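Next up: a single chain in structure tokens, the form predicted on its own.
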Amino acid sequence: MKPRVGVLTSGGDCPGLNAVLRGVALAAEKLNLEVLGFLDGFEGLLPPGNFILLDRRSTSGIMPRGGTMIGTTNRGHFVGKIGAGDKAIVAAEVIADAKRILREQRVEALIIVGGDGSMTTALQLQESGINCIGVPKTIDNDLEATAMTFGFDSAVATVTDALDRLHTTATSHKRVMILEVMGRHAGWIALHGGLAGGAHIILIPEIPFDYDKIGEALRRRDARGSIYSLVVVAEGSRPSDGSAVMRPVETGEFRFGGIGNIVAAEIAARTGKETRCTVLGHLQRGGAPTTLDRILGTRFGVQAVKMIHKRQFGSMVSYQNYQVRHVPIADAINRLRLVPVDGEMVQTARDVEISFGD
């Protein structure tokens, strides 16, 4: 019988996950390994075990598809993080059940594809005796241990397309159009998407903004004869005299979102301009991955299998200096990669007269 490895996708979905799974399946076949894909994240590890065989046939044609063919969840028995910096410990009996299923199915190592919370859980599983390899996945592109993650480029492309569309309606009606995008703690999506889409104001969590400064930026555009404006707001953005906007959800946690409508109302009140807000939401997570995300996802999946072959357990795939390498999972969690406020990207935006409301 062939040696077996497992793979699961956990947390939020994003374009490129299926490319990872395909990369894992094909690289494993080359090493004479069999791959079990556990369904619906970590929950697939619980008795009686919920999985499918991932091979050349089952992964054929999945590269262009968004989402993940084996499902995912950010709830359940294995939630490893409940907020920024707040960890939840997975119960010992839950880990014991997972170890039993993996042992019964002859799974020698587990590839975990997920974000910071999933890597926190992966580290706990590794410490309990389960051989784990991490593959970073965060659409916000905010893990310090890797320069880029798949899904980010697709999200930026969606933001850019949305701004292109809002541009035409904004000019037709002489309106200020607000686009709220993802970015809880880091403003990479807003910054890249806003720069590519020709936004005039970009608000990100790293740079607290002032409503009066936003008003001044809009009045300067008026003075130059501009009849419309595009504003990109990351969901975690906050005014200098306030906090990020969050709303409670059923699980008792809080979810970012709503700042776009508040910014729209403030702009309308302060300038008298007709203002509209569009919340892009889960459109950023859906749809086909870009070329870059297909390639990056494939490289991550292949590298994860190579790390298993070399028995580099307890490590996470990492993309640095255009090379796919690896770092210890313990060094990867709870280290956010934020936008440098004095960095080249922000300065480039300022040089083309984009305001950050500061």
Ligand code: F6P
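Values in this document were obtained by computation on a predicted structure and should not be read as measured data. Residue numbers run from 1 along the displayed sequence.
Although it is not shown, the form predicted in complex with 6-O-phosphono-beta-D-fructofuranose (F6P) is what the next lines describe.
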Query raised in the report: Mind checking whether each of Leu21, Arg65 and Thr291 has a heavy atom within 4.5 Å of 6-O-phosphono-beta-D-fructofuranose (F6P) in the predicted complex?
Result: no
Query raised in the report: in the predicted complex, which of 100-108, 213-221, 195-203, 280-288 comes within 4.5 Å of 6-O-phosphono-beta-D-fructofuranose (F6P) (heavy atoms)?
Result: 280-288
Requested in this report: Scan Thr271, Asn74, Thr160, Asn131 and let me know which has any heavy atom within 4.5 Å of 6-O-phosphono-beta-D-fructofuranose (F6P) in the predicted complex.
Outcome: Asn74
Requested in this report: Report the residue, out of Leu125, Ile259, Ile139, Leu230, that has at least one non-hydrogen atom within 4.5 angstroms of 6-O-phosphono-beta-D-fructofuranose (F6P) in the predicted complex.
Outcome: Ile139
Query raised in the report: Would Arg175 show up as a contact with 6-O-phosphono-beta-D-fructofuranose (F6P) in the predicted complex if we use heavy atoms at 4.5 Å?
Result: no
Query raised in the report: Is Met182 close to 6-O-phosphono-beta-D-fructofuranose (F6P) in the predicted complex, meaning a heavy atom pair under 4.5 Å apart or at it?
Result: yes
Report task. Examine Glu235 and determine whether its closest non-hydrogen atom to 6-O-phosphono-beta-D-fructofuranose (F6P) in the predicted complex is within 4.5 angstroms. Result -> yes
Query raised in the report: Looking at 6-O-phosphono-beta-D-fructofuranose (F6P) in the predicted complex, which residues in 1-19 have at least one heavy atom within 4.5 Å of it?
Result: none
